[in-house]
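One protein chain, two forms: both are listed below as structure tokens, the first as structure 1 and the second as structure 2.
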Structure 1
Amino acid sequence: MASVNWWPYLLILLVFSLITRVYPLAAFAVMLILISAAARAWSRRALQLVIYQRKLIYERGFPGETLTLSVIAENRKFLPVPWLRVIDMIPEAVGPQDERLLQITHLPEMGALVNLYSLRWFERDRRIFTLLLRQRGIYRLGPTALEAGDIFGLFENRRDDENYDYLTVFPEPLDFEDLGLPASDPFGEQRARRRLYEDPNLMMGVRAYQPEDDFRRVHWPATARTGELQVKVYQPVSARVMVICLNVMTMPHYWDGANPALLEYLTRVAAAVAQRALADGYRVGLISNTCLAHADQPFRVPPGRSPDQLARLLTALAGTTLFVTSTFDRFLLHEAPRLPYGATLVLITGQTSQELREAAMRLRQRGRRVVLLSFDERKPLPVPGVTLIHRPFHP
């Protein structure tokens, strides 16, 4: 309760008791004033040097797994904290395994983990909870509200801490065999395992012109300098590069809404393709026409084969949202200059429009191998030069 609700009445009581010479009542009023002042000062300092923190041994996992969360409240001063209430905001999708521990809040899909403490001087209290990962996504734990007061319960103080932690729930990859791709040659490149391409973005020198050379390769400055036709020589690169292109647009038009079940299925398909491609020796990357969750950054993972590349890909897929930045065909043509020359592009989509078919054809003409995995209800028309695999999605 605020001090303005107490002190004016206590002062009036003190003045009245002195005027009427009721000295026991005056002594009682003075005692209440002193207690109220001490309680007010205590409550103001109650949250000073009080620390609350979370500790997660593991910060990522798959749906159905459990993680251990430790919460620590510590009083780093001589003044005790008679009572401390900590309200920690936790998403319901990664809340405690015992759902009764999470209180209902006004925020959608968010709950409050409330803990009560009584801390002496320089005391620390640790409590352990088991979190259950229920759904794919990247979830933010926090913020935290700390409330404390004096020993008499007259006043209280509040502090809001923006201390955030993040939990990543990977999509559960589908069984690759369920996709219906050829078991021995799923991406149609086994015969081209050692094939090399020349990347036009990496020029390594010039040489004399030969009749079979494309006229567009002529290096005009070198030709003018030597007096003879010279052509560019490009850096050869391996064709074992794959870029998974995920379409998060689950309806023909973005104003038609979204199909969350279809998006979840597409992310699981992308996870299965990435897992199999890395096992087959590809350098795998990932792009999508959305933004990463909790970050205003493009959805782009460069191709790689490092030991933690699969974790990077799954983390990006965990952050996939229904927010669409562009139609898939425009997105692919915009990203085309950044894609490695000669790479295999695996287009994963739930909607196969005529514009997407034309974009796939243009990518094929620019030297990329294109595999179109369509989960549309209607079977799309074939695209020349593009491997088309149709698997209609059934919830």
Structure 2
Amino acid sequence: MASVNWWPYLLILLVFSLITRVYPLAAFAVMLILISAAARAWSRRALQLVIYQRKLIYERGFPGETLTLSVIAENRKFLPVPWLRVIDMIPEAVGPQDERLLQITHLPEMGALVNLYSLRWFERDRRIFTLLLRQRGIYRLGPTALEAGDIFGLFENRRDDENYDYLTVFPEPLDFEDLGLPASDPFGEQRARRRLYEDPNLMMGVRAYQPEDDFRRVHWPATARTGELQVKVYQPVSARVMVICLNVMTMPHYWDGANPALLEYLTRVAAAVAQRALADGYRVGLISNTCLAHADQPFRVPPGRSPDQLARLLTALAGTTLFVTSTFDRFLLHEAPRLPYGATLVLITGQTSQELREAAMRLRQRGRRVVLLSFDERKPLPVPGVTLIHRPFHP
């Protein structure tokens, strides 16, 4: 507004009034110079030591839940801030429960939460909002623009703060029973549940050598002491590992576009499978042919059975986007060497192409146990050795 610099004109006025000996005019010029200087100084210092922060008690939840967001503005100096406007960018999907509080912006699916403050010296003002989680995803709150000015309303100052907070909206897991998987053996091979593995890091004793034993398992000190061949006995570890492989490609070809509803459904299915598998004692991992949200890292969650593994999996699923890094068949074959041996691979896909069937078959040939959960509208052809479950998706 007052971008025009007053001072040269006021100085000219002062000199003119002194030359023409109109002293009241000179007094007015001095008054204006002083007021202008005070306004400029106030405006420049208005945003100094002004802090704006968000406080979220919980940073994740399921769609339909509400979270409390506190926004705090602080003035940590003696100079008061007569007016302060804070424009906080909030995604509409996690906006306030009262949608009218969020103003429209030029960015798609983003709104502006505008708050006005008037802060005296060393004052804090807190506002509380209730956010409604509307849609699955990982959402970034911020950045923030702070605008303030002098008490005369002449000058304005602006500061952009790159302060971000993240909100995770998990996918709502489907009811596992609704998937219609076989109740006795939902993930294909029951006999895998009894399979025992040994952890070479955990030795629990020695025993006499038998011809079928591997020569590398011989315990040489014990052999020397006893005079007979002794082999190490390792701690048995039951390893029921499952890796959920999610295909985010919802159309036969990437140039066909995407089907967001199908992707939502697939993530809900993946969440349901992960939940059930963890409950059944599996170590569950997750891979997908997309990127992690707000990162360029590959989408890969190693198998685990820790208490927070479900939250980790749901967080990853929350960040699933329509961005496809490669076709699912190539992705599977590329990732297969990194997956733990003996793990059950649950392929969740909305498209069952010939290439995918071939990839599944090749995985099977390499000794993998594969379950193909297809939500394709067309019934896919059976793949030898692969458990195929077809549940066509109807939006």
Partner chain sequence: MSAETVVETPNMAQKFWRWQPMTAALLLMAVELMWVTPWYRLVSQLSIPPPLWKTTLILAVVLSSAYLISYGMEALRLLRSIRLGALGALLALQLIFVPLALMGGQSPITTAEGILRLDLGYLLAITTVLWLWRRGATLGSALLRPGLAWQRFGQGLLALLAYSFVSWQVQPVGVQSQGDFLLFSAYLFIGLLAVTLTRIAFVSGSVRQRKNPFDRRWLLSVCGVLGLVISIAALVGSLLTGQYQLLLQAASVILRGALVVGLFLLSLPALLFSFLIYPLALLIQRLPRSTPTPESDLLGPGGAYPPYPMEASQGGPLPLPLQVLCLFSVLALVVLFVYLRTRKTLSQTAVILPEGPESLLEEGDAARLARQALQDWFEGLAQRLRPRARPLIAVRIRQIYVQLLQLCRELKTPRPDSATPLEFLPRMAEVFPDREQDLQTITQLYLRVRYGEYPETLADVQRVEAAWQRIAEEGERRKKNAVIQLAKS
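Quick note, the numbers are simply positions in structure 1, starting from 1. Predicted, not measured: the structure shown is a model, and the values here were computed from it. Between two forms, the rigid core is the largest collection of C-alphas that superpose within 1.5 Å.
Participant: Tell me which of the two structures is the form predicted in complex with its partner chain, please.
Facilitator: Of the two, structure 2 is the form predicted in complex with its partner chain.
Participant: Quick check on R158: with the core superposed, does its CA move 2 angstroms or more between the two structures?
Facilitator: It does not, since the R158 C-alpha is displaced less than 2 Å between the two structures after the core fit.
Participant: D213: after superposing the rigid core, is there a C-alpha shift of 2 Å or more between the two structures?
Facilitator: D213 C-alpha, core-superposed: shift of 2 Å or more.
Participant: Is L381 one of the residues whose Cα moves 2 Å or more between the two structures, with the core superposed?
Facilitator: No, its C-alpha moves less than 2 Å.
Participant: Can you give the C-alpha shift of R21 between the two structures in Å, rounded to one decimal, after superposing the rigid core?
Facilitator: Once the two forms are fitted on their core, the shift reads 2.8 Å.
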